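Consider the single chain below, provided in structure tokens and representing the form predicted on its own.
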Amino acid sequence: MKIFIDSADVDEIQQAYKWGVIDGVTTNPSLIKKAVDRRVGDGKKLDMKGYVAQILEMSKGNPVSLEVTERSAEGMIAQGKKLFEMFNPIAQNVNIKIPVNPALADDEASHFDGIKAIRSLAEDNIPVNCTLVFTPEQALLAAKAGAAFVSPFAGRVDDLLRKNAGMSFEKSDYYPAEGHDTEGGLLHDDGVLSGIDLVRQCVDILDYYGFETEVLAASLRNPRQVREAALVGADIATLPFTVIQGMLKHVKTFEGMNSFMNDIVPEYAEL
């Protein structure tokens, strides 16, 4: 499974590349703005365009997702093409993030504008990361439209299930991949038992029908979810810096290292 870092902080991205464990970057406009504003506030001279270019340059050879802000099909297509034409020449690694459904409410007529935008950009050989996927059928339509990646938001599904059940929780809290059993049965969102179950169903459908679209597990909140995303066959997991950091931590590893250090034979260490 490939690992992307979900960040627009160049220091975090650079460190993750130095560790040698990441294969790409996902960003969004909010993350980029916060990162730029923080550095400008510290007295650094930079603009958003130059900052994005810096992320792309340090990620050369690995995909970087840049997100549109328009909502209509026409607007997303135009903005996606502009972003691609502006930034892809830097390192040939730009992917355009398009929401699977940009409608703000169920009564709007724009439900398929995301799918239209994906189709149009894909036909122009612009790779698309379809974002805000919350059902396997959304992933299926995005794949049929030609998306290079579909991003099911695992953590947000878990949030929804807990919120609907009136449960108190922190976002970093683990939610069982097999679902949460109650007196009324397993909690579910139209048959989806958890965020990891959503990832699994997306993987199963796209694999069954032979789509080349990769499943990019997003909104993963803790290392155990990363493990479970790998176990259900996600092609990629995009992770916050803190989750990547947490993947190597275990009390017995620390304990073992302390034992190893105490048992070092000086003569052996000097060889």
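The first residue of the sequence shown is number 1, and the count goes up from there. All figures in this text were calculated on a predicted structure; none of them were measured in a lab.
Unshown form predicted in complex with erythose-4-phosphate; subsequent notes refer to it.
Using a 4.5 Å cutoff between non-hydrogen atoms, A218 counts as a contact of erythose-4-phosphate in the predicted bound form. Shown alone here, F153 lies within 4.5 Å of erythose-4-phosphate in the predicted bound form, counting heavy atoms only. A residue is said to contact a partner when one of its heavy atoms sits within 4.5 Å of a partner heavy atom; T26 meets this definition for erythose-4-phosphate in the predicted bound form. For S59, no non-hydrogen atom is located within 4.5 Å of erythose-4-phosphate in the predicted bound form, even though that partner is not displayed. With erythose-4-phosphate left out of view, the stretch that reaches within 4.5 Å of it through heavy atoms in the predicted bound form is, among 108-116, 79-87, 153-161, 179-187, 153-161.
Applying a 4.5 Å heavy atom cutoff to erythose-4-phosphate in the predicted bound form picks out D6 as the lone residue from 6-20.
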